[in-house]
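Next up: just one chain, as structure tokens, the form predicted alone.
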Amino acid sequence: MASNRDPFQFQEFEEAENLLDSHRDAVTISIEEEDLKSKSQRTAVGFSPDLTDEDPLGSDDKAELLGGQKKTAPFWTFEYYQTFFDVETHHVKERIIGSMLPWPGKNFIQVYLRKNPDLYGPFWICTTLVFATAICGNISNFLWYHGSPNYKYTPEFGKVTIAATAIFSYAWLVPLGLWGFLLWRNNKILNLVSYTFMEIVCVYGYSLSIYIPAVVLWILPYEWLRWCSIVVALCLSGSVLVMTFWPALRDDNPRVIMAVVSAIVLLNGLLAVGCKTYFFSKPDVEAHVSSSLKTEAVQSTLST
């Protein structure tokens, strides 16, 4: 006959009962009491139970997620600059459009950067402007010389180096000087508006995007069109820069404000006029033809 006892029912061990009956004065220790005792001993010695029991890396991650903090790598490491190239395509598009179409009352840094400057857009804008200036300058010279019987086209690759030096120097050295000046003035007047160096570099890089279509228009051999495009590009680019840095300058001395604003507009205009004058100036066809004839004469003399 089968037993009616439930095999899963909890049962006391007979040996344990006999042992407790024989030793009534024995002291029993629970596992939970042992854990509490060990924790209290570690606390008395000087060890924190939270630090020993929990993963320190996990606690740091939790603190970063809850507090909204993010670890920043040192500026001499690759990881520090890698964050400035982590940007979405639509963000770059919005920033390019915002630099070409300034709107009164809109600060470029506050509206488009949102404390997240990038170097991806400024780098490729400057690089595109370098090659556009050099290539369009060669094409413009070719159109000027076209039709001359003794003209022989030779590409001028040295213009790429000159354009790169001028544009990248403007995009990095001018923001560096402006950042240092604003940092010095903010310590004197205690202005609450301050910009980082990367934010200023980002603004200057995107402000050059309007010059790319202007340089393409400079291919056409019309001086009035070139100067009109320079004026339009200078007004749009200069407006973005002035409206962006105005909150950081408005509490300063009026003379200082006028000097800084004039320097910003003047340096921007010097870059545009300098590129137009050097790369797109009207060439002297007769001088080029005479120099080419002299070169051919020297070569024929040497060959004979």
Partner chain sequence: MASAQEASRPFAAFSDVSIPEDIPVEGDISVPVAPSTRDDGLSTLDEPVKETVLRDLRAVGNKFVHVLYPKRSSVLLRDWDLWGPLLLCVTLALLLQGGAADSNDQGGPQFAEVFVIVWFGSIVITLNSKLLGGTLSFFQSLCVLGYCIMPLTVAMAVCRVVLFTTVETVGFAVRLLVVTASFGWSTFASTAFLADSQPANRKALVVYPVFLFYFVIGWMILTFSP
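Residue numbers count along the first chain shown, from 1. All values reported here derive from a predicted model rather than from experimental measurement.
The next section is about a form of this same protein that is not shown, the form predicted in complex with its partner chain.
Which of Y222, W103, Y153, F181 has a heavy atom within 4.5 Å of its partner chain in the predicted complex? None of the others qualify; the residue that does is Y153.
May I ask you to choose, among Q110, T165, T196, T127, the residue with a heavy atom within 4.5 Å of its partner chain in the predicted complex? Of the listed residues, the single hit is T127.
Full three-residue contact with its partner chain in the predicted complex, heavy atom 4.5 Å, for R185, Y211 and S262: No: none of R185, Y211 and S262 comes within 4.5 Å of its partner chain in the predicted complex.
If contact means any heavy atom within 4.5 Å, which of 230-238, 88-96, 196-204, 169-177 contacts its partner chain in the predicted complex? Looking at the other structure, the answer is 88-96.
Is R226 close to its partner chain in the predicted complex, meaning a heavy atom pair under 4.5 Å apart or at it? No, R226 stays farther than 4.5 Å from its partner chain in the predicted complex.
Does its partner chain come within 4.5 Å of any heavy atom of I139 in the predicted complex? Output for I139 is yes: heavy atoms within 4.5 Å of its partner chain.
Might L217 be said to contact its partner chain in the predicted complex, defining contact as any heavy atom within 4.5 Å? Although its partner chain is absent here, L217 would stay clear of it in the predicted complex, with no heavy atoms inside 4.5 Å.
Just to confirm, F123 within 4.5 Å of its partner chain in the predicted complex by heavy atoms? Taking the distances in the predicted complex, the answer for F123 is yes, it comes within 4.5 Å of its partner chain.
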